[in-house]
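Only one chain is shown below, in structure tokens, and it's the form predicted on its own.
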């Protein structure tokens, strides 16, 4: 096999380095002022989303070089490999078939698609039965609350989708428990009725420590509130591959839905992991969610490079991180229902692309995934936006903006939109020393005071950002949005030469955790390291 090329090996990369040095001397505002067509030419659309990257420190020649880089990396072959079921997860010798979960045909993978179709049918039956109040608890009362117990991809995806699609909820309330901290499940159960609560345990292995601990607490809670062991079948479902372990817990195979090795947890919201969302919004709406992602898949697979939205976003990420020196990326959804989006994208991008060796195991000489963070606007404007505008870090930003609201408060939504667009513009234009001085004198300061204070009001501007808009946040546009970020993540991985589908950094902490727990239990007194041993001793002292 030929050696995996490094990003820096592609001929276009050296030219991009030269362009970066040149463009950093200019400004985004000047680029917009000099090109009357920029706000048209730097916009792409797909699957109900409109992506405006005109406020990026980027010119036509640079964009052409980035597209040339994608061609040199043979990104189209990588896209075909993903959809063709090739072994793109090379370290675990697996395909990554999350796109098949929302497909409407087998695309040459008949065996897997048959499994997907059968699981969809089971999900539909369960979702419809529970959503419409036809599933009863141990006293004959209809289920009113569903608690999804999982962690990582078994929690973040359905948690985000359920919250984001709150306007489409039926009468069944869905809750999410992930943290092994007992306070998480205790606070959730405090407001629920055991007679009308159903639990979904999402764990591929049914051995995930946090999930199993919370599941055992949920089971005991039911027993303590009048349920018998025989009644548990009416109150537990599982999404797992380990039917034996689920049966030992008390969940029969008939109440289990499958997970597959060819779907990573952070790509699994489209699978049975999304059952809680399907229950909350109903199967028809969940089908629209899948369809929105399917539309983005079709676009990603077939669009020319210069029009391909996920690829363009990936190239912007590479440009920012590897050529302009940004080490982080902020996501700013201007819709409170998307408050969980940054957390979801943190796992998607950093667990996927937080790697330091390429596919050949060679240490990389450049950064890969930026640190991703953010929160819903306008909340962040009164906290970390100060750093965005005047801090020393470069923080490329994605603004996510539904153009219409599900509420009937048009005036307040207008204020929200104004804030979003103002923040995007402010990142670009900043405020000069002269403008700061003029602002202060207009407020009544004398010239000497104004000149003294003005440097503290200066903002450099020239901070790249993208604005992603949609007509309304619907199941379809949410599906498209999440699929867009999935494919962006995949493209970036291909350009960096890494595997976005393994997560060995997660595994080692679990292994060490077993040893630490044994020490806390007193089952093993073998020393670990002086610092950890001292902390264990401190815990023991506090819990005598």
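Computed from a predicted structure; not experimentally measured. Positions refer to the first chain, counted from 1.
FYI, the form predicted in complex with a small molecule isn't displayed, but the following is about it.
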Is there a non-hydrogen atom of residue 351 within 4.5 angstroms of a non-hydrogen atom of the small molecule in the predicted bound form? yes
Indicate whether the small molecule has at least one heavy atom within 4.5 Å of a heavy atom of residue 368 in the predicted bound form. no
Check whether residue 205 has any heavy atom within 4.5 Å of a heavy atom of the small molecule in the predicted bound form, and answer yes or no. yes
Taking heavy atoms and a 4.5 Å cut-off, does residue 62 contact the small molecule in the predicted bound form? no
Would you mind picking out the stretch of 138 to 146, 415 to 423, 101 to 109, 263 to 271 that comes within 4.5 angstroms of the small molecule in the predicted bound form, counting non-hydrogen atoms? 263 to 271
Under a 4.5 angstroms heavy atom criterion, identify the one residue in 308, 154, 465, 314 near the small molecule in the predicted bound form. 154
Note: exactly one of 518, 43, 32, 506 sits with a heavy atom within 4.5 Å of the small molecule in the predicted bound form, namely 506
